[in-house]
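What follows is a single chain, given as structure tokens, in the form predicted alone.
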Amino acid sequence: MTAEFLSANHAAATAAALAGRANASARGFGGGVYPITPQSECIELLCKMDFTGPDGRSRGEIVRVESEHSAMAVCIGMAQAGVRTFTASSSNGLAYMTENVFAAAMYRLPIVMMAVNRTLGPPWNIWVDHGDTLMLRDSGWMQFYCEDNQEVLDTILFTYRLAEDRRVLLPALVCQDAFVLSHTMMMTEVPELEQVERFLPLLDLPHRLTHEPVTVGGMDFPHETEIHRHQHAAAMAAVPAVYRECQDAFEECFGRRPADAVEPYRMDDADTVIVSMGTMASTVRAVIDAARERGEKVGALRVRMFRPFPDAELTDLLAGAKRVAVLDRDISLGKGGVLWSELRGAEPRDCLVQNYVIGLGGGDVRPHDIQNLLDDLRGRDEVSAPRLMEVAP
């Protein structure tokens, strides 16, 4: 294990390359890539990586293509051949890729994609907003939202094991906030290849293509589609249990334990709770600490795994809450924040749950912004429509 000064983009590329090298004695590693700000430096580094196998032959190929749609198409083709695959994208690139994002999940391919969360345009905006990946919440991909650079690296490695488990066989989307993480340098622990090889079994895709003729993507009749969707739903339902097994294996190999699907903070006696995703969780914790010093019973929950949605964990953790603020760095127009709308139903009876849409378009969310909405929550007698909070430029 070495400590390196990495951006989250470079952390993602480093993890993908390690996962690829760990599969060198099987069918290797590859993916299709297309640049888009603020993801570009991830694939720029990945394209420079060496994937020479133990036999001296190249065991990896990164294909530069003309569009994001083609990037995922390359991943689909490689994954169907049993190759460990990776790509990265962001914002409008993800929107252009969407048709093949759905196809990858329906083919049950364990592709891992890193997404740098960026505001969808036009008007064009290159700063953070979770709406780009949340628009894919019904695509059949697992989704994970990271808080720091170390978590980005760890989650890339973690999701390969999770996605390739035969009880799951689903693609995984690993999300990080644009510029807050993607271009921020932090000391990051990078494991040795031998550790990664112990953690990641060689990929042996049960339905990979061989020399035997087979039809892929043919026409389904209604009942066949029902069966496929039931199988897909069952795979998603299996994820939480397999996730916990992967946590144990990761801790054994690397000496640190990945966060739970929902990460609690100072929740033991909390009657007021702030729920968030991504890097805002760090700012929320600072506000919680200050409130605790004033004697307030305030806690926080960070949602790390968004798909499958952790309803059971949220229900348990919110059992004692009286007031809940759900922070969304996204908006579903005509409804409100996506995290808030998904969380509804997990809160206890007679709990006041208020949605705050904040930091849209990448505005800096500072401690006083969190304190303002906490003050608003404490002064409420009833829930209102989702509040769109403005943050100072």
Partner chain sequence: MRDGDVGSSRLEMTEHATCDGPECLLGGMAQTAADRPEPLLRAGNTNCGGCGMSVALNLLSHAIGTQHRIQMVIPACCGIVTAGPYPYSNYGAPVLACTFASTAAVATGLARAAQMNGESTRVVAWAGDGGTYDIGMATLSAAAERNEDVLYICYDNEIYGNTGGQRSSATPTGARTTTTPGGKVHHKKDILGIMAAHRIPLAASISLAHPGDAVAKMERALALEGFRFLHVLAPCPTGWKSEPADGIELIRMAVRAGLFPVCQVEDGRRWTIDVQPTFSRTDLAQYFELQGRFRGTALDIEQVARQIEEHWSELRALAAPRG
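None of the values given here were measured: they were computed from a predicted structure. Residue numbers count along the first chain shown, from 1.
The same protein also exists as the form predicted in complex with the partner chain; that form is not shown, yet it is the one meant from here on.
Screening Ala290, Met186, Leu209, Ala249 for any heavy atom within 4.5 Å of the partner chain in the model of the complex leaves a single hit, Leu209.
Comment: the partner chain is not present in this chain, but in the model of the complex one of Gly140, Gly77, Pro258, Pro264 has a heavy atom within 4.5 Å of it, namely Gly77.
Shown alone, this chain has one stretch from 341 to 349, 321 to 329, 28 to 36, 355 to 363 that lies within 4.5 Å of the partner chain in the model of the complex by heavy atoms: 28 to 36. No residue of the trio Leu193, Leu200 and Ala238 has any heavy atom within 4.5 Å of the partner chain in the model of the complex. In the model of the complex, Thr52 stays away from the partner chain, with no heavy atom inside 4.5 Å. For the chain shown alone, Ala234 is not a contact residue for the partner chain in the model of the complex, no non-hydrogen atom being within 4.5 angstroms. Residue contact with the partner chain in the model of the complex: Leu120 places no heavy atom within 4.5 Å of it. The partner chain in the model of the complex comes within 4.5 Å of a heavy atom belonging to Glu99. Residues Thr215, Val216, Gly217, Gly218, Met219, Asp220, Phe221, Glu224, His228 are the members of 215 to 234 with a non-hydrogen atom no more than 4.5 angstroms from the partner chain in the model of the complex.
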